[in-house]
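The data below hold one chain only, encoded as structure tokens and taken in the form predicted on its own.
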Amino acid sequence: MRIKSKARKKQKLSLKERFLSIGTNLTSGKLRDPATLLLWFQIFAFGLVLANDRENFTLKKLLVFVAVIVVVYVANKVVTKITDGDNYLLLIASMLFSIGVTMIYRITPTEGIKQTIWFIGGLVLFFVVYFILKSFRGWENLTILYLIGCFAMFIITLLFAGYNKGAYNWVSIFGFSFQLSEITKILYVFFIASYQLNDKFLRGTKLEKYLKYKDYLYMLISYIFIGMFFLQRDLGSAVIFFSVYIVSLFVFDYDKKIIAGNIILALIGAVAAYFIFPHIQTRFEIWIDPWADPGYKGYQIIQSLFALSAGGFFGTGLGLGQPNLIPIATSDFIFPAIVEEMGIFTGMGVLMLFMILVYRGFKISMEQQSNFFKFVALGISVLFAVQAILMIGGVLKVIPMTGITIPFVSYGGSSMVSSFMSLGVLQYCSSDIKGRMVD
């Protein structure tokens, strides 16, 4: 009788009511679970990209993508079990990775498969970093260790790095090339937080008498780091370090004259670098007028602009564009490749995901009770924000190109691994602020 009653009620619904009920059903229950939505996105996206490459389809490739889908789903479920912190951080990173690896595989299948391996390695390090931070107290007291770590990374890079993609910052270890600057960024954030909050690190040593010059010493150390990046021709990392440094001056309430002096000093340094370093001069000239040499120097940015304009709102469709015309499309120029085949709406989606990630990072920083991890969360968020701004601004020709990759999206093991390590730090910073985050 009850079944018949429900059937009659359903029959009485008007067409409009039935239409509205469809919408209600779609947004209810498990489909509103972000992890489930991500799961469906990955199934459709990876299915499309494998279908596009059907001539080279193998069971091994299918199993790789199935493994990635399972790992992402399980990892996001595990995060909700082991921490009371922000469970959306890993979801956002997984979504950015899914968009990026879809386009990378579409352009170069070999790199797409490698990217999935880097991603799984990054996920492992995400959890490792989280548990290491959780298992030890007194991170704010390791000032000297962070400083030595930064200098060690620079010295190793200066001694062993080879020339690659216009910079001397790639170190080859057991056949794997790695940018140690990606690790140095994280160490630098920890160093700043510790240096500003720990007054004991020089006490009892011969250097104690220099504590009164602590602010100037901080400035000197930061500019040595930035100068080392210029020597490596790594302009992007230099800008990122300077951005984090300036933010730290604001946060730790330095005199406004000191902040203004640093900005003026940076402007003078930028002008001097333009005249001293030919590669910076070249990048600036390409930014001003890429059409002066469209077949060589300006070729990359011109193809990027063509790709951005060709996609329209919804893109040409996977496999129907020509993103492979852009040099280094899977790494430095992944954003225009995404816009060309997936459309401006997908490009806007990538930007919004970064905005949400950075917003949640700022929110974690504001709610965190420990002053040390308060700045660490802010510094990591600034790293994500500045990298995204530099890369996307560069391919849109708003600013000169810097050679920085987009975290979680661009092809590259160094970027993927360090981005997940940073995310692990941010996840730990959010672990004791349950109830104060906005879902």
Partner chain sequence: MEKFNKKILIVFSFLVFLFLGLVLYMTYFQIAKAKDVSTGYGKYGQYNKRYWVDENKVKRGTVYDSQNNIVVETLKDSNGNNYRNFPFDDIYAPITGYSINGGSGLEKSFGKQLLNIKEDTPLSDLKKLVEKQDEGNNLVLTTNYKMQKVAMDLLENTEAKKGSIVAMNPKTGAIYAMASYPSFNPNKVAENWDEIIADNESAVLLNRATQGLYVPGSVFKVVTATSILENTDKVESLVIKDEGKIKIGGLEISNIENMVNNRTDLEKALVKSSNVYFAKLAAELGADILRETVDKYYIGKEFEFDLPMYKSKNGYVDGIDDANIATTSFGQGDTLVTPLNMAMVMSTIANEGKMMQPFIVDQIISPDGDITKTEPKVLSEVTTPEIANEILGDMVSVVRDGSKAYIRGIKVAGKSGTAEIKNKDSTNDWFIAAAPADDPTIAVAVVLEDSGIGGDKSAGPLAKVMIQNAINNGLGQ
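Being a predicted model, the structure only gives us computed values, none of them experimental. Positions refer to the first chain, counted from 1.
The form predicted together with its partner chain exists for this protein as well; it is not shown, and the discussion that follows is about that form.
- In the predicted complex, residue 63 stays away from its partner chain, with no heavy atom inside 4.5 Å.
- At the 4.5 Å threshold, heavy atoms of residue 160 stay clear of its partner chain in the predicted complex, well away from it.
- Under a 4.5 angstroms non-hydrogen atom cutoff, its partner chain in the predicted complex lacks residue 36 among its neighbouring residues.
- Interface membership of residue 389, defined by any non-hydrogen atom within 4.5 Å of its partner chain in the predicted complex, is confirmed.
- Contact with its partner chain in the predicted complex, judged by any heavy atom within 4.5 Å, is made by just one of 347, 85, 149, 269: 347.
- Proximity to its partner chain in the predicted complex, taken as a non-hydrogen atom within 4.5 angstroms, holds for one residue of 220, 231, 132, 352, which is 352.
- Remark: of stretches 294-302, 186-194, 117-125, 95-103, the one touching its partner chain in the predicted complex is 294-302 (heavy atom within 4.5 Å).
- Contact check at 4.5 Å (heavy atoms) against its partner chain in the predicted complex: all three of 374, 378 and 393 pass.
- In the predicted complex, the residues of 326-365 lying within 4.5 Å of its partner chain by at least one heavy atom are, in order, 326, 335, 339, 340, 344, 347, 348, 351, 352, 354, 355, 358, 359, 362, 365.
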